[in-house]
Every structure is written in C-alpha cells, then in structure tokens.
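Given as structure tokens, the chain that follows is alone and in the form predicted on its own.
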C-alpha cells in the first residue's frame, strides 16, 4: 500500500500566515486595553475575548482575514459597550487591507520540498476566504506544481473524504502534511490516511489539539524539508506503508 498522493496545507506550512495575524491581534489589544479591567493583562484578556468571538462567528464568517476583522470589530464594540471611536474601527479595517495586500512569503525549504515530492501527485488543501486564498496561491508561484487544488470552508473528515473522492484518491494511499493537528492531521487519520505534522513557530488558539499517541500512521517533522524526506526518502512513510 504505497503512497500515491501527498496533500499539503498552505498557510504556515508552505508560506507564512499566522505571524501577520499576531500583529493584528496586538493592534486589537492596544485598541481595547482602555476598556479592560486595570488588573487584566491587556493582551491576554483581549486575546481570550476575541477567540471566543471568533469561535462563535466561524459558522457565519468562516476563516481568514475578513472573518477575523469582523470579529475584532464586534468584540471591540462589545468590550467598549459600543463607545469605541470610529477612528479605532478604521484602524482595524486598514490593518485588514494591509494583510490582504501583503506579499506571499514561502517558508524556507518549501520549493525544494515540492521538488523532492514531484514523483507523487500533489494536492494543495487550504481553508479560508476563497478570494484571499486564490490570491495567495496565484502570488506564491507554485500553483502549477499541484495536480489538484482544494479551497474548503472547513477541514473535517467529511470535507477530506469528498475532496479525495473527487480526485479518485484512496485515503490509505494519501498522506497529509500540515502545521495544524486539528485541521491537517486528525481528519485524515480518521479516514485511514497518513499525517505528518510540521509545527509552525506559532499556532492559532483555535487550531490547538493533542497529538495522537503511538499512532502507526502519524509522524512529526521539524520542517517541510524533513516531511518531504519522510515521504520520498529511504526509511520513508512509503516503506512503512508497504
């Protein structure tokens, strides 16, 4: 049972993403700090309130810059009892526009990893705002390296199963590489596929999950380069699958 298809996440697996959001969260904390209790750590308190708002809004707004910004505005209005100045709301909107226009910065080793995996069929699986994800894919310059590109609203077993079925992929011959245990690893393992976790320097709180314990189809790699070696190199996942 060899590996035929390799799935790769995009944000924080092939290119930087969360680090830009951290700057936005810091701006949000600065804006709402005057409305928080003096004893609060303004960044942590703002972060906790915002995460709760984002979780509540994901079913309507989805993932990405636009949804995050709407949640920031809503949360700021709630924290300030709707007294936040329009100028501060404008700062959040301007920050969103900056993020939407930010160049795509590939992670070190991403291109070499794709080259190493060229003997497999490659599927890019990313979630978020369709327009922004398409922009990043186009600007990344790597779209032509993939045999299939899936932009999805959510990454759960049902979504992966539908994507794999569209392309005639046997889950047992599929490995997913990504930085999120919740979105990239657990759903694919549940379908009988393989998962390689490549931790990013920071992880969005909503994406936190426990790593599988002693799972035969789960691996951890220190970089996208090491993940490619696990798939294509000697002693690889493909060998274990046999």
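Positions refer to the first chain, counted from 1. Only a predicted model underlies this, so the values are computations on that prediction, with no experimental measurement involved.
Only in words, not in the display: the form predicted together with a further copy of the same chain, which the text now covers.
Original post:
Considering 161, 114, 137, 96, which brings a non-hydrogen atom within 4.5 Å of a further copy of the same chain in the model of the complex?
Top reply: Filtering the options by heavy-atom distance leaves 96.
Original post:
Taking heavy atoms only, is residue 77 within 4.5 angstroms of a further copy of the same chain in the model of the complex?
Top reply: Flag for residue 77 set to yes.
Original post:
Would residue 38 count as touching a further copy of the same chain in the model of the complex under a 4.5 Å heavy atom rule?
Top reply: Close contact is absent here: in the model of the complex, residue 38 is far from a further copy of the same chain, nothing within 4.5 Å, heavy atoms only.
**OP:** Decide whether residue 144 counts as a contact residue for a further copy of the same chain in the model of the complex under a heavy atom distance cut-off of 4.5 Å.
**Re:** Taking the distances in the model of the complex, the answer for residue 144 is no, it never comes within 4.5 Å of a further copy of the same chain.
Original post:
Using heavy atoms and a 4.5 Å limit, would one call residue 203 a contact residue for a further copy of the same chain in the model of the complex?
Top reply: Close contact is absent here: in the model of the complex, residue 203 is far from a further copy of the same chain, nothing within 4.5 Å, heavy atoms only.
Subject >> Option from 61 to 69, 39 to 47, 184 to 192, 23 to 31 whose residues, in the model of the complex, bring a heavy atom within 4.5 Å of a further copy of the same chain >> reply: Careful reading of the contacts points to 61 to 69.
Original post:
Taking 82, 89 and 100 together, does each of them reach a further copy of the same chain in the model of the complex with some heavy atom inside 4.5 Å?
Top reply: Yes, the whole trio is in contact, each within 4.5 Å by some heavy atom.
Original post:
Quick one: which residues from 32 to 57 get a non-hydrogen atom within 4.5 Å of a further copy of the same chain in the model of the complex?
Top reply: If the 4.5 Å heavy-atom criterion is applied to a further copy of the same chain in the model of the complex, 32 to 57 yields 56, 57.
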